[in-house]
Structure formats: C-alpha cells, structure tokens
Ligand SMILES: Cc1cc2nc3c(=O)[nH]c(=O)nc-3n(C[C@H](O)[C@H](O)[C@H](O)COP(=O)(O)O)c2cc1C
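Consider the single chain below, provided in structure tokens and representing the form predicted alone.
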C-alpha cells in the first residue's frame, strides 16, 4: 500500500498548520487506497542545516539528521501543509527539506497551502524545490484563504467544497506515487 506523509510545515507558536494538517488527515483516513501519517517537523527539533557534507552524498553525521531521514525514507508520497510567510514557504520547512536528498527522490508531492492568497506563492516555491530533489508534483492543490477558511484569521473552518479539492489532489498523488514506486529500488 502507498504510504503518504502529511507534513506540518510550520514550527511557529500559534501556527495554523496543525489544525489544517489534522483536517487533511481526517479526510485522508476515510480512504482505503493509501495509508496516511502526520509528520510534524516541530517534533524533530532540527537546527539550521548543520551537516558538513551535501545531503546528495548521503553521508549524514548528525543524529537528528539520521532520525529525520529514517522518518522520511519509507514514504512514497508527501502532502506538504505550508503556510505562506512573506510570499514564500516557512524557513523551518525549507530547512527540514534541505537536510535530505535521496529520501525524497522519485516520490511525489501534493500541497495544501494557507495564507492571505491561499498559500499559492509558497506552493510555487515548493514546486521548484521539489523538482531539484527529483520529486514529481501533482497539479491539483488545496488553497485555503485566511479570509474565508479561518474565522477571525485564526480558527480553521474550511469551506466544505475544499474537501473535494483535497480528494482530487489525493487521487493524483496516489496515482503518481503508484507509478513512481516502480522506479525506486525495492
């Protein structure tokens, strides 16, 4: 079965991403075509990238990197739940991504963005980053507006139609990850 990580891409106190990720997981758990797991980058306490060798060499020296790599490696696909801060993704998410290389390769990513413009610019940045890591990205994405999907820009109350957007993205994610699983070593 396809294994998909739902990655909470913010470590900020009072972050909105945690409630968004739980909503994604709640909907995803209704499906029987993949298994889903919440992965919170905050739990890994990653410092600013402190590996002396480039991640593409796979020579991780720090214990926190090895733990992070062991968590990410078994997944076939990822749903990145990303805030949009200053027209980009969070520094914490970018840092967590940059720690690894081969653990991302030949897998698939989908995106759930949130912010004043639905997180679209953060997602576009992540698409560029994923391309460099040999991660395919699916076209469908979920865009959540601080103005219409959050009460007082703080309590997550998504428009019910967002569930359809999420399931469309998950359909694509599962199809692509099934195909790409064939190009990765067993």
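Numbering follows the first chain given and starts at 1. Quick caveat: nothing in here was measured; it's all calculated off a predicted structure.
Just so you know, the form predicted in complex with the named molecule exists too; it's not on screen, but the next bit is about it.
Taking 135, 143, 146, 46 one by one, only a single residue has any non-hydrogen atom within 4.5 Å of the named molecule in the model of the complex, and it is 146. At the 4.5 Å threshold, heavy atoms of residue 102 stay clear of the named molecule in the model of the complex, well away from it. Contact check for residue 12: a heavy atom falls within 4.5 Å of the named molecule in the model of the complex.
Among heavy atoms of residue 110, none comes within 4.5 Å of the named molecule in the model of the complex. Shown alone here, residue 114 lies within 4.5 Å of the named molecule in the model of the complex, counting heavy atoms only.
Within 4.5 angstroms of the named molecule in the model of the complex, the stretch 76 to 94 places a non-hydrogen atom from each of 83, 84, 85, 86, 87, taken in sequence order.
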